[in-house]
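Shown below, as structure tokens, is a lone chain in the form predicted alone; questions about how it binds or moves come after it.
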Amino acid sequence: MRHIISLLLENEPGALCRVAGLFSARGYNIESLSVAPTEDPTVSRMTLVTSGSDAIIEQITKQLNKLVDVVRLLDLTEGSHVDREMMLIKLKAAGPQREEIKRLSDIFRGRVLDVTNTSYIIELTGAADKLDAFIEALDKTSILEVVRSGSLAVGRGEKSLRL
């Protein structure tokens, strides 16, 4: 099962390496990873997505909590949450393709960020399924480059990950 784990960790050199090393040493896969400082510059928020049985996820969370750099941890999958990804996609857009790509971008509520004579760069945000559906709807030969942020997630309601 897919799990979204959100952590607050000390914003120090090597903290990300220790988290990634924990996964690597135990043979677990990180499907996506996003890290950035919070409103407190001494603390960063990490959102990582991994898969595994409940027993494996429990072991991962226990091991993460043992790391000195981890201040707080929350498995967002256990409760109601909102998660989104961002994607930048560069597409070949010449001739009659241009209008079709623009129309498709509008359907998926994308924004055209850059236009040249031969290409578009489009930004899309939303659930991973939406981004996957956009890619599937495109002619594969028109895709020049795809960059995705990975999941960013926050719990709904009163529950929050704070110091």
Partner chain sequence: MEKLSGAEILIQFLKDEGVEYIFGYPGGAVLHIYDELYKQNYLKHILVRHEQGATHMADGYARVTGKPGVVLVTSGPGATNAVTGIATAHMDSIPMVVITGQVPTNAIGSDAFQEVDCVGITRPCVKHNFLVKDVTELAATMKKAFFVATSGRPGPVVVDIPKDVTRPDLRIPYQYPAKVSMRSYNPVTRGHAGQIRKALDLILSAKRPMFYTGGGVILDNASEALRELTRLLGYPITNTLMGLGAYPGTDKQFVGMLGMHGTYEANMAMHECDVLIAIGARFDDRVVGDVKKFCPEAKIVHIDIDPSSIAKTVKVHVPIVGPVGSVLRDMIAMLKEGDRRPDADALEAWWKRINEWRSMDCLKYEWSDDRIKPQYVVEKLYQVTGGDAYVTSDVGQHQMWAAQFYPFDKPRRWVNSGGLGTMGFGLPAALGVQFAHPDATVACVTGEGSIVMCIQELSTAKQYDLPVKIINLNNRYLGMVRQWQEFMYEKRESHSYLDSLPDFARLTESFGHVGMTIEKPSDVEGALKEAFALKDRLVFLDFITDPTENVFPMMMSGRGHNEMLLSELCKNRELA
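Computed from a predicted model, the values in this text were never measured in an experiment. Positions refer to the first chain, counted from 1.
Another form, the form predicted together with its partner chain, is not on view; read the next lines as being about it.
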| item | value |
| --- | --- |
| Which of 128-136, 55-63, 109-117, 29-37 sits within 4.5 Å of its partner chain in the predicted bound form, heavy atom basis | 55-63 |
| Site test, 10, 17 and 69 vs its partner chain in the predicted bound form, non-hydrogen atom cutoff 4.5 Å | yes |
| Residue 43 within 4.5 Å of its partner chain in the predicted bound form, heavy atoms | yes |
| Interface membership of residue 1, its partner chain in the predicted bound form, 4.5 Å heavy atom rule | no |
| Contact set, 126-163 vs its partner chain in the predicted bound form - heavy atom within 4.5 angstroms | 163 |
